[in-house]
Each structure stands twice: as C-alpha cells, then as structure tokens.
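A single chain, nothing else alongside it, follows as structure tokens in the form predicted on its own.
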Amino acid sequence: MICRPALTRGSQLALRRQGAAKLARRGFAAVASPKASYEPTTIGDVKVASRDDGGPTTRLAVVAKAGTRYEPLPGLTVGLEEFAFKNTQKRSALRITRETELLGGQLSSYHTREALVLQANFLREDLPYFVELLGEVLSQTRYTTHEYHEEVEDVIHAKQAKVDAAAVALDAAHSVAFHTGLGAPLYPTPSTPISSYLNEHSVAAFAEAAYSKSNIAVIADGASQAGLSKWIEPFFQAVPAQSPSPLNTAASKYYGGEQRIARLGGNSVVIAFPGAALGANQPEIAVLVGLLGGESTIKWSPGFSLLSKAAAAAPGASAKAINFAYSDAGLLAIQINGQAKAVRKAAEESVKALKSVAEGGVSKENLVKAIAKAKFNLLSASEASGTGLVLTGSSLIHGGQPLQVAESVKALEGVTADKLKTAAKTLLEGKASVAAVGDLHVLPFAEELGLRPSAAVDSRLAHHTVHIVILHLTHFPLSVCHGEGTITIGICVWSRDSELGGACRLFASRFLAPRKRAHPESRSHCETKSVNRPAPTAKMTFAWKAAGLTYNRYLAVAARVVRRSLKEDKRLAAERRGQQDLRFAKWSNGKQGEIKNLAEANAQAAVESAATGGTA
C-alpha cells in the first residue's frame, strides 16, 4: 500500500479528482426524492393501488374490511387472521409452505382495528403465483374443525397470554373513547370468553361477509399496473362481488371517559383526545405529535421533544405520543409505561407539557424541529412496506384516496405556532379519554391530572348541593317524578339551572301508592317538595326489595351517591377507599368453575332479580 505522504502534490490532486469522479458517477451526493404515491385504479371490480420503482422485489397485500371494528363477535378477526394460508380447495397448507419457500417468498397476516391484511413479499418475476395464491385464500379457504382445534385455537390463546399492560391500556382508552366499533380490543384479553363465540363455523361466516370485492383492496409496491391487470382479473374471479351479509358499518362517535383496571405485572396510563382521521386536513395534529414525541431519536440524548423531557423527570417511565388515524375518526394518545410512581409523575409532567403549548405556544426552534420530525414520520411511514400498504388499503376500502405525499409535506410546512397553540387548547377544552392499568393505588385519576374525562354536565353537578333520599329517615326532601299511575323516588340536584333541575337518578319504584298526575308545563318533569311522613312502615323499610335490589346493593348505591356529593379532594379520597377487586369461583364436583369479578356478579344478580321480580 502506498502511504499518502509518499505521493507528490500532483498525484494527490489526481487521486482526489479520480475519487470525486467516482462519487459523481455513483450519485452519492444526489438529493433523494421521496417515493411516488400509490396510483389507484379498478381491475375486475377490485380496487387496486400500485407504485413501481423498478426494484427486484415486490410487496403485495390484500387489505380487507375485517378489522376488530367490524367483527360481530369477539375474536373473529383473530380467528380469520390465523386461518390465512391454511388448507384451501386446491392446495394444502404444507404445499403452500413448500412452494413459497422454493420461490424465496414470505407470507404473513395481521390486523388493525379496521383492516385484516394478507401480505406476500417475493421476487418480482413470481407475481403470477402469489396473485393466484391470495385470490385462492380469499375464495377457497377450508375452515376445517381439526385445524381450528389443533392450530388456530392454540395460537389465539398464546396471543391472549401475551397481552401486556400497555396493550390493555390502549384498548381501554379506545373503549371509553368510542365504546363499540373502534372501541373493540385489538386482541381478546385472557378474561374474554371467546370459546362462547369463536369456532370454525363462525369464522367461516365472518369470512363470507368480509371477503368480497366491495370490501377488499389489492395494494402492490414494486409491481406495474400492466402486470396486475393481467393477473388480478382471472385469479380474483371467484371472489364474490358483494357480501351476502353486510358488515356493521355504523359511523364512529367520540364519547370520552375514564377507565381503571387493576393488574399485576406492569403499569400504563393512556391520555387520549380526538385526533386526525385518515385523509383529514389537520397537519397541525401531526406536528403536535412530533413536538410531543417521547422516544429519543439520537443516541445518548433524550431529544428535544416535550414527552422525552417529561420522562427524564420521572426515571423508570417512558412516554410517547401517537395519532391513531381511522377512516372516520382519530385518536391522539399519550402513553406512559413503567413503574407506578414514575408513571404517575410522568403523566403529570406530560399534561403540564401539553398545557404549556396551549398557554404559551412553541419556540421557533422547536417548531422547526417538530415540522421536520412530522415530515420524517410521514415519509418513513409511506416508504415502510407494511405501514404504507395498510394505510393505502384502508383508505381505498373506506372510499378514500391514497396519501398524496407531496401535498401532505407541503401542508406540514405551513403549520405555524399559533395553529399548534389552538390545536392543543382545543384538545384540553374537550373531553379526554383516560385509561390507567396497573397499581391503581398509585396511578392518578384524570381529575388529578387536570383533565375532563366526562361530560360537562357532570362537572357542573359537582358545584351543586345534592339531597339524597334515605329510606330510614322520617323527614326527608322528596323528589317526585310523575308517570302514568306511578310515583317514584329519585336522587336529584337542587339548582336554579333548568337543565340540572330535571336531572335525577331513579333507584326505587312503586314506593308510594299509585296516583295519576299530569306533567307540569314548567321547565322540568321533576319537582322537589319537603314532605313530612310518619314513622317508617314495613313497606318503606323493604322498598329496596320492590326495586329488585339486594340490601348490599342498596347500601352501595347510597354510599356511592354520598361520595359523589363531596368536594373534589375528599371525593377522590373516598372513591379510592371504595375500590375493590374481589374475585370468586364456584366449585362443583371437586372442580373449580369460572373465576368472576364479585362486583360484576352482584350487579348481574341485581339485574336478574329485578327482571324476575325476586326479593333476593
């Protein structure tokens, strides 16, 4: 080897020119342009989107409208996912495996809340085989009993056991945010009795409803439209055009609320707000996610993001922000995981960080960093083989269009500090969805974080005096609600507000002798009177039985109302004392039965007693 000092200056310059020429020929200094957007089209009544960069490999996916949002029974999406690439009418599962391995391909199936994805990665020249295979899986899969019990069922139970505190918290946040539909858990929890709903026949029925041309989209990365047009139409001919039993496609509605789940083996808190939906023109949400961040992108540095600083103030906790974009809704979530005390501290700091954006805005430097981070997140997601395919397919099956990368990047560059401030303020003024999983003695309530997890009327109720009907008193304020031949006793709020004046919760019916009263024309259907009554009779003493309540349940209702009438600090302390997580199991013939939650069992027994008119 010739050492550099031994060369003359002229030789060194010649070597530099030669190296520069090689770099110019290889194009290392050229600015890389982002991948093109997917181009949508329709081939044989099938929605198709593709882009082709001329590479040697292809990623092909069928995205079906079969996510957990659309499953009529728990576990069907997971069951359908696990039946993918099993025995078909033409091929056995073993043959599919061997042929795929001989071609060097990869097969996978996974799901989101809105979509089920069947994906194949392979060499470009093997496109015909894998198009035929995916069409065969959709239309000719055999949902056999032995495969379900020997393979599918075991895999589902294994995935149930792997659901950790972070996943439970995300599911709980979606549940309180959307209730049904998007509120369904991504994977059934171990306590979900899926054996009551899931079998090979129910999975086959769900496949028949989901696998139709109107409910699927074919997305290709690394294949030309000409090649797809040649093979999709003949190989997808057996896929039905319409579903014989339509899916439940009710629009999503945001509710907000709070859910707390006691659990061993991990702690997680999710603080969520309404986010940006797929295709929504809300670039400020993406920039806000980049500003909140949480995960460090530079080694040995916590980064500039607000959540990374919040986590640094609480050693033992990690925090990150993400926007879950769905077809008709979005959920911007901040998730904190770690040790219970650290999670509590990080949650408090995270809310303070969000409030600082809403109150004081963002510095120019942090705004530039947040926009750059949002652009990177957008471009990397569109280039990633799995994420880009799913986002494009989800848009197509819900009637949207693929992401236009250039337009989205331009929209991000137009976000200002004022827009970020307005977005953060709007989130905090609305209803939050808060989920806490783990050590509930330590993890914070939403009110302790300064959030509003419930409707506005609930917060207004906290500022009014609540008068409670106690059946054992001889003199009490009586709220009379008039019905057809029935007078019932309720728990009401005394207020001059017309909206709150009529808000009452009934807990005993047919308490007094029936009497017909007409509805007043005034502002409310309830009027409050002070009534003097004689000493309690037997009928008054056992009025809770007439309402179908057990005595323990009656006391629990009264105690809960008393706690909710307290001032904020005392109410939180009282609610913590009233928490319970007791479970029991019935033993029969020496075998333990199903483990049930005591509170849920009591509630169910009360409902059954009321339905049958019992006095238990």
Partner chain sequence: MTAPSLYNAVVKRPWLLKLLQPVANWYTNAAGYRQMGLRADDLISEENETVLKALRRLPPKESYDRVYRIRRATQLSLQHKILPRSEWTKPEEDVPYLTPILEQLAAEAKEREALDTMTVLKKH
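This is a predicted model, so every value here is computed, not measured. Residue numbers count along the first chain shown, from 1.
Omitted here: the form predicted together with its partner chain. The next part is about that form.
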*Using a 4.5 Å heavy atom cut-off, state whether Arg95 contacts its partner chain in the predicted bound form.*
yes
*Is there a non-hydrogen atom of Lys162 within 4.5 angstroms of a non-hydrogen atom of its partner chain in the predicted bound form?*
no
*asked:* in the predicted bound form, does Asp439 come within 4.5 Å of its partner chain, counting heavy atoms only?
replied: no
_So, Glu295 and its partner chain: in the predicted bound form, are they within 4.5 Å at any heavy atom pair?_
no
*asked:* The chain here is shown without its partner chain. Which stretch in 356 to 364, 87 to 95, 427 to 435, 326 to 334 comes within 4.5 angstroms of it in the predicted bound form, by heavy atom distance?
replied: 87 to 95
*Counting non-hydrogen atoms within 4.5 angstroms of its partner chain in the predicted bound form, say which of Glu383, Asp418, Glu150, Glu413 makes the cut.*
Glu150
*Given that its partner chain is left out here, which of Glu447, Asp126, Glu132, Glu208 has a heavy atom within 4.5 Å of it in the predicted bound form?*
Asp126
